[in-house]
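To begin, one chain is listed below as structure tokens, in the form predicted on its own.
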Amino acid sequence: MTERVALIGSGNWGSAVAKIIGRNVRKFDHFDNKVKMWVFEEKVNGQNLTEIINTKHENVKYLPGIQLPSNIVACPDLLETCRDATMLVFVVPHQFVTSICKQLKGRIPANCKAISLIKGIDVNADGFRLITDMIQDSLGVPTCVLSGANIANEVAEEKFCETTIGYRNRADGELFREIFHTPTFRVNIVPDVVGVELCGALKNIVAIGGGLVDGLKLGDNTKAAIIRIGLYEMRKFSKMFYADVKDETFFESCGVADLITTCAGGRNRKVAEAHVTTGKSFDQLEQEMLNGQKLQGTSTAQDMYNILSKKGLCHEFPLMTTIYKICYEGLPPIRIVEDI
């Protein structure tokens, strides 16, 4: 059977993985060489972004300077992108998953499977859902997750790193590994979708803390403490709500490695540092600094606070609660070390 891969998303991270997937499908006989990539159409210097990608083979807005394989075909129509796909790669901000799934429901092949590269959770009146569960429940397709210490530009530049795929069905995990694994992007697969996914979502909150520490110039010891406390709260939350999460997952790339790299680099850390040094709001800095990309750490902090406050658990997660209050309630940044 020939597998056909479709990419849903084309931002910084989506374009970086498109480079990997475009190359890898050419290595195996059981993959169609053509990979469609859904692009939210916008104008760049008066020209459609899809047209630029399909002629220059470069996402000049979100991943400039990196050549994409010629078999990556940008498409502005979501349904057309996914119509014949047997493997869907979701790589969009988590706020858009619900609307995307509504459009795709009943319009993809019955044998389709999916993987989420999205770092976030979905909060609703009943509590919260994982992104993989949203996709799986809405579309009726088995869904894996990929997460790791993967700053997009470094991955695109082929600097060595690792990543983690969480699977429920090992055959699906191995199949997705084929389209992602390279000598410089080492993929390990583990039977823990929930653990991998929660690590990827929650570490962005801790990264805000790392950036606040940098902006306050509190030093490396303080940042190390924030990372340790953050990892502790990530594991505590995961185990509290999902007893089957494996301790080993926190030692994979999706766990401690991603936490370290996101507290050292990446957009969440950078914007949080700027919040301290400029006094500007996170919303303003997102618009000024991220070129249309979304800041995941603040929105996930808000989601977490909503979950914890409803259940009366804020006192058990002092770091995540304090970060939320700095982001949304005007709490002075120095309280990052005073209230934990």
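When you see a residue number, it is the position in the sequence shown, counting from 1. The term rigid core refers to the maximal set of C-alpha atoms that superpose within 1.5 Å between the two forms. From a predicted model like this one, the values you see are computed outputs, not experimental measurements.
As for the form predicted together with a further copy of the same chain, it is not shown, yet the points below apply to it.
- From the list 83-91, 166-174, 126-134, 251-259, the contact stretch for a further copy of the same chain in the predicted complex under a 4.5 Å heavy atom rule is 251-259.
- Although the partner is absent here, T222 is a contact residue: one of its heavy atoms lies within 4.5 angstroms of a further copy of the same chain in the predicted complex.
- Within this chain, S238 is remote from the site of a further copy of the same chain in the predicted complex, having no heavy atom within 4.5 Å.
- Taking the partner from the other structure, a further copy of the same chain in the predicted complex has a heavy atom within 4.5 Å of a heavy atom of A264.
- The shortest heavy atom separation between Y242 and a further copy of the same chain in the predicted complex exceeds 4.5 Å.
- Looking at a further copy of the same chain in the predicted complex, residues N150, V155 and D247 each place a heavy atom within 4.5 Å of it.
- The contact residue chosen from E162, E233, D122, E178 relative to a further copy of the same chain in the predicted complex is E162, the criterion being a non-hydrogen atom within 4.5 angstroms.
- Residues R186, N188, K217, L218 are the members of 183-218 with a non-hydrogen atom no more than 4.5 angstroms from a further copy of the same chain in the predicted complex.
- Annotation: Cα of T322 displaced by at least 2 Å between the shown form and the other one, core superposition.
- G230 is not among the residues whose C-alpha shifts by 2 Å or more between the shown form and the other one once the rigid core is aligned; its shift stays under 2 Å.
- For G148, the Cα coordinates differ by under 2 angstroms between the shown form and the other one after the core has been superposed.
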